[in-house]
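As structure tokens, one chain now follows by itself in the form predicted alone.
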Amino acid sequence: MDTPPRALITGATRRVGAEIARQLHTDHELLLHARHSHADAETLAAQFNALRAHSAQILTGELGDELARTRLADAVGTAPLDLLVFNASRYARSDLAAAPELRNAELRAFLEVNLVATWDLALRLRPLLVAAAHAHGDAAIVVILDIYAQRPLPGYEAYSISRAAGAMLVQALARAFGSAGIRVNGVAPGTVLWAEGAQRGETDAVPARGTALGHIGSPADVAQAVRYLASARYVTGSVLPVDGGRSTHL
């Protein structure tokens, strides 16, 4: 019996990440990354393993820390890796009035998690992706970005900058990895789930006046886009908007 393809999903155990994991679990073995070990990760992995034994494993690590990323890459093991989904992100308001050392540190923190971690892990795990491409004819990376990679969200300037850099990273890695059979694409969601607590950057009225469909999306919409890009063997270097037509209003 053939072994199912393996997928690593960062930020996999809550919200959009958990829905991506649910949809991929139908035909993948999953490595579920969580920042810390917590009940959500254990519950999700237990659900998957009850459906199919040994089909989900939890990996932990702070993506903003280089040593932790090294340990995370080592924990992935040596077996071919067919799919790498970067869902984890840093999302918070910017304080442009803060002291220079604070606002500069803030920007570096966004870039470390939303850009450098993707760059670092993609390069560290490239040999496993190459092995999957050789074994199965294809391997893929999907980076979850944001429609605010195209224009800044007021009050979230550092976040928007990091997402714009991530969109360029998708194109750069697609070109660099393509000859090895590794495809690299992005998904740029609009509002598919309201941010928690004080971090909410928009109001309920925004989708009604700013999207062609007139409503917010769902985590399932993002997960469906990830599944498509995971299997679309002649698509690379693209960023797919999943925004209900919001991009037509930008």
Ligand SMILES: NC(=O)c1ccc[n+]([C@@H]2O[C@H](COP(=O)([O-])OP(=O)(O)OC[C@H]3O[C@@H](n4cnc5c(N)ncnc54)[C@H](OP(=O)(O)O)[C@@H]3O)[C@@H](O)[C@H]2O)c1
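These numbers come from a predicted model, not from an experiment. The numbering used is simple: start at 1 and walk along the sequence shown.
There is another form of this protein, the form predicted in complex with the named molecule, and it is not shown here; the text below is about that form.
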Practice task
Could you check which residue among 182, 30, 44, 63 gets a heavy atom within 4.5 Å of the named molecule in the predicted complex?
Solution key: 63
Handout entry: Sole residue of 149, 83, 170, 113 within 4.5 Å of the named molecule in the predicted complex, by heavy atom
Key = 113
Problem - 4.5 Å heavy atom contact, residue 36 to the named molecule in the predicted complex - result: yes
Exercise for the section: Determine whether any heavy atom of residue 87 comes within 4.5 Å of a heavy atom of the named molecule in the predicted complex, and answer yes or no. Expected result: yes
Problem - Contact flag, residue 159 vs the named molecule in the predicted complex, heavy atom cut 4.5 Å - result: yes
Exercise for the section: Look up in the predicted complex whether residue 142 has a non-hydrogen atom within 4.5 angstroms of the named molecule, and give yes or no. Expected result: no
Practice task
Using heavy atoms only and a 4.5 Å cut-off, decide whether all three of 11, 163 and 189 touch the named molecule in the predicted complex.
Solution key: yes
Problem - One stretch from 172 to 180, 150 to 158, 88 to 96, 123 to 131 that, in the predicted complex, holds residues within 4.5 Å of the named molecule by heavy atom - result: 88 to 96
